[in-house]
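First come two forms of one protein chain, each written alone as structure tokens, so that there is a structure 1 and a structure 2.
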Structure 1
């Protein structure tokens, strides 16, 4: 689209401020800006007119498919055998969601490049690779690893892996792909400018992974190589087991479309998304979507009825993801701190939230699946998310847990 068309479009959308500095830009910058604007999905802004953050849920009932730590122990050998075989047959891929901005941690670099070591360097990416390597050693098979980045951190992430020699992983089994971006707007629905020649955008949420995986051609590559299941996991949980043969085996044995690693909630009011059924299909309800009564409800054994919190480690069968590709994921409007240019054209790094970003979430993909196995893991062994620098779910708490598990920092 040329200048005139873009201007008309922006006028229609009440966003002409995005061209405020157009006259000051050189030819290349002008072209890049027009190109960026032509790719904006302006429909997202309509979501701001709705009740922000609240989405309609169906009828919530307790989960039916779950295996507890105790049950897993009884069947460990059997699950393990199935999982190891699937990995040796090349059926399992690992997919790292590393496109997030990690704003809470507050580092300018990709989150995975954060050094959590105390006496030596121990990077988040390094811990994840170490965890995956344990399975490679156990099974004798390299597991294809797909790493999702975003426009904002792709170059740094790839370079870091190269510089670090992939932390000993076989680079032939590592592929990167880039997720899409969405615009960021202020409270009045005006899209921010990040630079005079750039609209403020942010990664479109971790639910964007499958479509970007398909469009990158990697899904085709994976299928050709025989991969049938993907273990999708977050960058920030440094303790999690990836492509865990027992987890994989349990999901395959039950012929599940997907499976989720979960931990038992410590308290009814704990702020985690809980796996349950929604209108009879698997679903994750956020803590604020569960009524107080439901959060406190207990079964005849005194256990919480809605007790399994998700830890962002899922196994998806690719075939089932494809069936649902045409279904649109809900877009969540999230309040965030957004870097932008102020009225005077000066760069602002806000200390508090100043607008909205638009994200789809991987947890919403669970509801598209016919069934989902909740697979319980021991929190102290497998859940050390690094969201913040200090306090809850922080570098400090993760270090503690790593030390408890015998990791030298």
Structure 2
């Protein structure tokens, strides 16, 4: 689209301010700005009028498909055998959600590049590759690894993996792709400018991974290679076991559309999303969406009825993802702090929320599935999220758990 077409579009959408500095830009900057504007989904702005960010849940009931740690141990050999064979047959791929930056850790680099070592360098990316390598060594098969980056960290992430020689992983089995972006707007629905030649955008949420995967061409490549299931996992949990044969085997043996690794809640008020049923279909309910009575409800064994907290480690069957791709994922309107240019063209780094971002969530993908297996793991062995520099779910707490699991830092 040329300048005239873009201007007419922006005039129609009441967003002509995005071209405010167009006359000051060089030719390359102008082309990049017009290209970026042409890819904006302006329909997202209509959500600001619909209050979609406060969607109500349906009827919540306890989950029926779950295997506890004790049950897993009884069937471990059987599950393991199925999972190992699936990996050796090339049916399992691993997909890392790595679009985030290390801002909350005090870093301006990709989050996965953060060094958590004490006496030596140990990076978050390195720990995840180490965990995946354990399965490679166990099964004797390389697992295709797909790494989703964002526009903000793609170049740095790719270069980092090259510089680190992929931490020993076979680069022939690693592919990168960039997550789709969504515009960021102020409270009046006007899209912010991040720079004079760039619209303010952000990744479209952790639920946007599959459409980005498809549009990158990697889904087709995976299917041609025989991959039937994808283990999707977050960058910040350094203890998680990836492409875990036992987990894979349990899901395949039960013919599940998807499966989720979960941990038992430590207390009723723990701030973690809980796997349950919503209107009879699998769903994840955030801690603040459970009533106090539901959060504290216990069964005949004295255990919490809504006890399985998700850790963002899922196994999806690709054919079920494709089946549901025609259904649009709900878009959540989320208040955020958005860096932008003010009226004078000066950079603003707000200390409080100043607008909206538009995000899709993986929990909504779970609700599209016919069923979902809750697969319980031992918290101390597989759940060490790094969300903060200090305190709860921090670099400090993750280091302690890594040390407990024999990792030298």
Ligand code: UTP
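Numbering follows the first chain given and starts at 1. If you superpose the two forms and keep the largest set of C-alpha atoms that fall within 1.5 Å, you have the rigid core. Computed from a predicted model, the values in this text were never measured in an experiment.
A.B. asks: Where's the form predicted on its own, in 1 or in 2?
C.D. replies: Note: form predicted on its own is structure 2; the other is not.
A.B. asks: Quick check: residue 31 between structure 1 and structure 2 - does its CA shift reach 2 Å or more after fitting the rigid core?
C.D. replies: Indeed, residue 31 is displaced by 2 Å or more.
A.B. asks: Indicate whether residue 335 shows a C-alpha shift of 2 Å or more between structure 1 and structure 2, with the rigid core used for the fit.
C.D. replies: True for residue 335: a C-alpha shift of 2 Å or more.
A.B. asks: Would you say residue 6 moves its Cα by 2 Å or more between structure 1 and structure 2, aligning on the core?
C.D. replies: After core superposition, the displacement of the residue 6 C-alpha between structure 1 and structure 2 reaches the 2 Å mark, so yes.
A.B. asks: Align on the rigid core first, then pass along the CA displacement of residue 344 between structure 1 and structure 2 in angstrom.
C.D. replies: Displacement of the alpha carbon, after core fit: 3.1 Å.
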